[in-house]
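Shown here is one chain on its own, the form predicted on its own, set out as structure tokens.
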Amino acid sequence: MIETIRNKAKEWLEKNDGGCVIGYERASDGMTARPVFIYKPYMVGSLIFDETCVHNLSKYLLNRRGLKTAIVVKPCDSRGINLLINEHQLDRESIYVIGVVCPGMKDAHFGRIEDRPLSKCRVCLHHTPAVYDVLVGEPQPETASRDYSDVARIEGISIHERNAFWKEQFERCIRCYGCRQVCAGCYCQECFVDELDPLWVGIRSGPEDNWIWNIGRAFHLSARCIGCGECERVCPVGIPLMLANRKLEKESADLFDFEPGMDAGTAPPFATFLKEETLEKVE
């Protein structure tokens, strides 16, 4: 698999002078992976792919709008590309997608790789990228059904208990905005929390402002979150951000039978309005 990725990257670079391949290389710890940007064919020997390639590389494409770029993507990353193309942030013609069948990613802590796949991978439906120009690996069938057992647990407690749970989580937020910076769906030139007129969120990190930030961001990603889990992975205080995202994902699936990023032509439900749509009260 790694040799195939390297060969495809080398072939593309030889045909596209001045282009860039975005992929993964071994990190300095000798165990995990990190993003790498390759501009010359002789550099492709550093490319790798294994269960430590957790980063969603599609975010980096926003810095190369209109430039020839090849990118190595997992299924969730590929959905990020479709989302950004649909929202007119990327030009498909300038991107060469090397899709990789995903075996499931694993996290690393204290010098060892975990045995179990990441929680996001355990509930992932898709093992084959949604979009690619070349596919590395044998296509795999989708998981039979969605697993929202984590969401069901939070839905099963009272509204007061839910409020207390999220209050406790958001009070720990230090507003580093790492979740925003790593998210493929967050690309506004000026985020609402950075606006001063009007001032939506105060500069200080406090319970009320933290609540507005985290809930506001979750709703901005409603029917747009591609489930890559990067926001939760980079959170320095361990807030379960994907639990909120998956709750909204579940609602979008139930109400609209919609899954973000599966193709570049279908807009998210909240980005469209049809004349025949009617408003209904949901109990």
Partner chain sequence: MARVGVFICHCGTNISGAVDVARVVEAAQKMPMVVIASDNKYTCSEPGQASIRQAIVSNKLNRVVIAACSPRMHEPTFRKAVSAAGLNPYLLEIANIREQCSWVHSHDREKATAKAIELVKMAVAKVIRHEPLYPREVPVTKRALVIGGGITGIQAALDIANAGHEVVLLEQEPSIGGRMAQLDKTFPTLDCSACILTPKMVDVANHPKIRLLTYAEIKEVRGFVGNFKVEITQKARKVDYSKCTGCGTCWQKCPEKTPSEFDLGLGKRPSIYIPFAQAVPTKPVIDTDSCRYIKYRQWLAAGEQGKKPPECRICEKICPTGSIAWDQEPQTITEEFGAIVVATGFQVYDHRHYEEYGGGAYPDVISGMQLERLMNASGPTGGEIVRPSDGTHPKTVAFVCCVGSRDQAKGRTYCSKVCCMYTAKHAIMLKEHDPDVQCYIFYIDVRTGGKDYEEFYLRTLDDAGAIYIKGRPSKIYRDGKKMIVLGEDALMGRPIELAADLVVLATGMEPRTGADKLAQKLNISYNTYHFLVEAHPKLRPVETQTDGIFVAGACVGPRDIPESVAQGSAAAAKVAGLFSSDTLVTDPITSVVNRERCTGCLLCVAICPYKAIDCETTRDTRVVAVVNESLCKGCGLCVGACRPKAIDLRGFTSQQILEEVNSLWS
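This is a predicted model, so every value here is computed, not measured. Residue numbers count along the first chain shown, from 1.
FYI, the form predicted together with the partner chain isn't displayed, but the following is about it.
Using a 4.5 angstroms threshold between heavy atoms, Arg224 counts as touching the partner chain in the predicted complex. Shown alone here, Val123 lies farther than 4.5 Å from the partner chain in the predicted complex, counting heavy atoms only. Using a 4.5 angstroms limit between non-hydrogen atoms, Gln140 is distant from the partner chain in the predicted complex.
For Ile174, no non-hydrogen atom is located within 4.5 Å of the partner chain in the predicted complex, even though that partner is not displayed.
This chain appears without its partner; in the predicted complex, the one residue of Glu114, Asp147, Asp133, Glu195 with a heavy atom within 4.5 Å of the partner chain is Glu195.
Stretch-level contact analysis of 84-92, 115-123, 68-76, 101-109 against the partner chain in the predicted complex, using heavy atoms and a 4.5 Å limit, identifies 84-92. Shown here without the partner chain, the chain has Tyr187, Cys188, Gln189, Glu190, Cys191, Phe192 in 172-193 lying with a heavy atom within 4.5 Å of that partner in the predicted complex.
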